[in-house]
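Form predicted alone, single chain, as structure tokens, below.
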Amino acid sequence: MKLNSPLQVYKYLPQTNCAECGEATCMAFASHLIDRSKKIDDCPPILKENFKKKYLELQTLLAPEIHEITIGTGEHAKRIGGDDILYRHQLTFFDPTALAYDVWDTMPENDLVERVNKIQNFRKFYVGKFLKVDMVAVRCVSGDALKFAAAVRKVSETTKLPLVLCSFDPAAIKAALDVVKDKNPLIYAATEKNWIEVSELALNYKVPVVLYSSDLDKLKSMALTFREMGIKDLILDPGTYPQGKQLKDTFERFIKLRRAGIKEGQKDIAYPIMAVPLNAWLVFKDAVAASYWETVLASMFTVRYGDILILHSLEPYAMLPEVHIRDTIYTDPRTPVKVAPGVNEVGSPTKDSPVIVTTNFALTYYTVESDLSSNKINCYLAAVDTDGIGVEAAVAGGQLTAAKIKDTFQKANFEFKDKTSHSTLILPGLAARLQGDVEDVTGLRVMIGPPDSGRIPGWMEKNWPPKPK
């Protein structure tokens, strides 16, 4: 029985409300166990001997339906799998899809290093955070085990990102593992032909391994065999075909695997799934077409249900959609994305600079901040705590009020008489109806800015500094 509610979890806890876990009550701690923001071991009393049985039961009952696997080591280690649901509106998706971009062992060393650096240095700032990629997949193209190992060594010396060692030749995989055995790489892949040798490598080196077959019965048979051998960290690759009926069949295999693992409780195949959108390059010879279809495949299998993708194109028009759709799918749909409330400086404000109000909905805040900073408008920007709701909805719903605006400045110790020469506040145009209330509650002069932050520069030219009353 899977535990899905805090009340179910609460029955297994000490129920002492000791607050040693950092929460006021055991029920509050139980809710954090459900959303995985805390771990069972955060509760000291349940670790005691008299609670050992309940501790073990709780571990089993809270374990995700899809086995969770860690690839790599240290701060860059990447967890994949760990899903309990088929659709994110049911709860949320955990462990975002890992994006692994390839290099290959026939590349000149300088080109290899340059490409690895391009992969590991990729960053896209979006809604208050940097979107990055996760892994480097090293492909054995030469057919030479020593050459492959040398390439893997160079990649390992260049980056701390987790590695995927890609070869169907067990000798090549072994040579590479000898180089990076302490880095917990993922080996790709065991097949119907090489599974005996690859299983021995996975056992001896204690590393996660991908099982490949487009026949789901054979894939399940391999998974069961590896599991009986004591190899638990498995990833399933049911084949990725880029076009036509084969693409449809690929999509259906992904659906069948995930439904079997979650809805049907088939633990033999309840493992993370790998997609290889890179295969588009085997079909489409034109680089633009190949890159386009690779991105299409990456988008499809981020949504359904790829836990790790191997990709090739490093062009911005390919990478940006891939990281953005992943961020969208793995953002908790129940919780608005928000920033910390407070008063922040944009640029280098002086006493004559404006003070502008917005909400703490991250997309609103960073849009306003970007429009201000890109137009070199030095100002103070106040993010009012509206529970992550945008301006218009927050005004309508009562989350953005005169009292909350005043409270934001008080908590930030922002004194208008000390910080400004004008004691003036600028409200967004969509909050115009709050003008009178804000003036009454704060005692400040309130001006109404444009409804769109992109129009602030033009508004400033006409209205700032404010004219004396």
Partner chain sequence: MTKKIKLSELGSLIGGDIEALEGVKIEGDVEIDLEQAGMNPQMAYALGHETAQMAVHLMNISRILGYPVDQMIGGPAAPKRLNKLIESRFSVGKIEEWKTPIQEVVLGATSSDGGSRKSTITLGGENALPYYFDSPMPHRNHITMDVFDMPINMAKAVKSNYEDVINSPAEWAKKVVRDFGADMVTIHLISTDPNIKDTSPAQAAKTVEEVLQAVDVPIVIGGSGNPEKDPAVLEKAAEVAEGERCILASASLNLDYARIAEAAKKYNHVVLSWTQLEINAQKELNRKLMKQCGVARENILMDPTTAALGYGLDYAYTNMERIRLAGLSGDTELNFPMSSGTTNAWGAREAWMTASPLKEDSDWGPREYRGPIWEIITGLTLSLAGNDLFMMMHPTAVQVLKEITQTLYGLKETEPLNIDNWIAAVV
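Here the rigid core means the biggest group of C-alpha atoms that line up within 1.5 Å when the two forms are laid on top of each other. This structure is a prediction, so every number in the text was calculated from the model and none was measured. Numbering follows the first chain given and starts at 1.
Although not depicted, the form predicted in complex with its partner chain is the subject of the following passage.
J.: When its partner chain is placed as it is in the predicted bound form, are Phe122, Thr295 and Ile329 each within 4.5 Å of it, taking any non-hydrogen atom of the residue?
T.: All three within 4.5 Å in the predicted bound form.
J.: Even though the partner isn't displayed, in the predicted bound form is His89 close enough to its partner chain, meaning a heavy atom within 4.5 Å?
T.: His89 belongs to the contact set for its partner chain.
J.: Can Ala175 be called a contact residue for its partner chain in the predicted bound form at 4.5 Å between heavy atoms?
T.: No, no contact at 4.5 Å.
J.: Given that the partner is absent here, does Tyr55 sit within 4.5 Å of its partner chain in the predicted bound form, heavy atoms only?
T.: Yes, Tyr55 is a contact residue.
J.: Is Ile196 part of the interface with its partner chain in the predicted bound form - any heavy atom within 4.5 Å?
T.: Yes, Ile196 is a contact residue.
J.: Of the options Lys154, Lys78, Lys183, His312, which one has a non-hydrogen atom that comes within 4.5 Å of its partner chain in the predicted bound form?
T.: Flagged contact: His312.
J.: Just one of Ile71, Cys166, Ile273, Val384 has a heavy atom within 4.5 Å of its partner chain in the predicted bound form. Which one?
T.: Selected option: Cys166.
J.: Please identify, from 155-163, 287-295, 352-360, 339-347, the stretch that has a heavy atom within 4.5 Å of its partner chain in the predicted bound form.
T.: Among the candidates, contact is made by 287-295.
J.: With the partner left out here, which residues of 295-330 have a non-hydrogen atom within 4.5 Å of its partner chain in the predicted bound form?
T.: Heavy-atom contacts within 4.5 Å come from Thr295, Val296, Ser299, Met300, Val303, Arg304, Tyr305, Ile310, His312, Pro316, Tyr317, Leu320, Pro321, His324, Ile325, Thr328, Ile329.
J.: Look at Glu200 and decide if its Cα position differs by 2 Å or more between this form and the one not shown after superposing on the rigid core.
T.: Result for Glu200: no, shift under 2 Å.
J.: Look at Pro108 and decide if its Cα position differs by 2 Å or more between this form and the one not shown after superposing on the rigid core.
T.: Pro108 C-alpha, core-superposed: shift of less than 2 Å.
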